[in-house]
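One chain comes next, on its own, written out as structure tokens in the form predicted on its own.
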Amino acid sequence: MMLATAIIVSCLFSILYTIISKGIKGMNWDMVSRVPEGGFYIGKEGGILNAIIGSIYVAGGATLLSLLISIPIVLYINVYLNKDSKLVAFTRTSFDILFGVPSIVYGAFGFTLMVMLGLKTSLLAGIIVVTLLIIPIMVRTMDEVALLVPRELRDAVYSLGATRWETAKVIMRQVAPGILTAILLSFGRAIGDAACPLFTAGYTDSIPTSLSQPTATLPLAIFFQLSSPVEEVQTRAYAAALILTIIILTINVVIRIINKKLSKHKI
């Protein structure tokens, strides 16, 4: 067990060292405040502002949309349905299967739909397909936390004459840390995924001003620019990887702090 732990920790620090040592050379104000100039593949000037903004648009929009869809699902199977219901078991099994589907499959599915409907790559298409990708993560994470809520608590609330909606609000208070954890996991998966945006959101050197325009993301900025023969562009790719890592680490730390505070109210 110690050996396995040492190997995993060594891999983590090796990855971080590689990203930081190569990415820090390209980090400057221009890198985060300007879009690429002369083309993202061979253009030496400019930065990755388009990819930073695009990633926030795609991941933020998908996380918000999936949250609005997931909370009613979790409340329905945990409050309104009996725990032994076949529908509950079927729902959980379905989301477990969807949880394991590779993102490239979601991307191909989204691309097929776009071809059928005659749509072009756009920010909206990227948000919708990434939403499909992270809904199973969000639902199953919140559902597992809801299952930990004592059954006696629900019975006690019902015995006081509360309605199902009032009971749902009590349970929501208990699963609040789980909701934040689900948001963390979902946003991290959304902002780090490359397959879905590649097929559906496209790529551009510009910042989108509407949902119908294509958008760049940090994973695709790393993918495209790292294959460039121009050294300055490769350095920009490592800087994009460093920024992506910093965003994910920052979100992890902030959510864990909030999660710890909210856990004080759990029964």
Partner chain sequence: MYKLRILKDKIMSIIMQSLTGFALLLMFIIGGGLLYKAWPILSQNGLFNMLTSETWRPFKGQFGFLSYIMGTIWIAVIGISIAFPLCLLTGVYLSEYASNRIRSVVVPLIDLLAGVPPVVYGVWGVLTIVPFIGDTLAPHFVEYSSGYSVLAGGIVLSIMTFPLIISILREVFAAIPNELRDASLSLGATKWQTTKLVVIRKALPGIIAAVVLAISRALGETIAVLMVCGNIAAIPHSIFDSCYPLPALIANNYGEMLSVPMYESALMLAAFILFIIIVVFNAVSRLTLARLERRFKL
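Since we're looking at a predicted model, the values are computed, not measured. Here, rigid core means the biggest group of C-alpha atoms that superpose within 1.5 Å across both forms. Positions refer to the first chain, counted from 1.
Just so you know, the form predicted in complex with its partner chain exists too; it's not on screen, but the next bit is about it.
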{"property": "is_contact(L226, its partner chain) in the predicted bound form, heavy atom dist at most 4.5 Å", "result": "yes"}
{"property": "Interface membership of L249, its partner chain in the predicted bound form, 4.5 Å heavy atom rule", "result": "yes"}
{"property": "Close approach of T181 to its partner chain in the predicted bound form, 4.5 Å, heavy atom", "result": "no"}
{"property": "Exercise: E166 in contact with its partner chain in the predicted bound form, heavy atom 4.5 Å", "result": "yes"}
{"property": "Listed residue that, although its partner chain is not shown, lies within 4.5 Å of it in the predicted bound form (heavy atoms), from I171, L124, A194, V145", "result": "A194"}
{"property": "Those residues of 1 to 25 which, in the predicted bound form, come within 4.5 Å of its partner chain by heavy atom", "result": "M1, M2, A4, T5, I7, I8, V9, C11, L12, F13, S14, I15, T18, I19, K22"}
{"property": "Exceeds or equals 2 Å, Cα of L12 between the shown form and the other one, core fit", "result": "no"}
{"property": "Large Cα move at I24 between the shown form and the other one, threshold 2 Å, rigid core", "result": "no"}
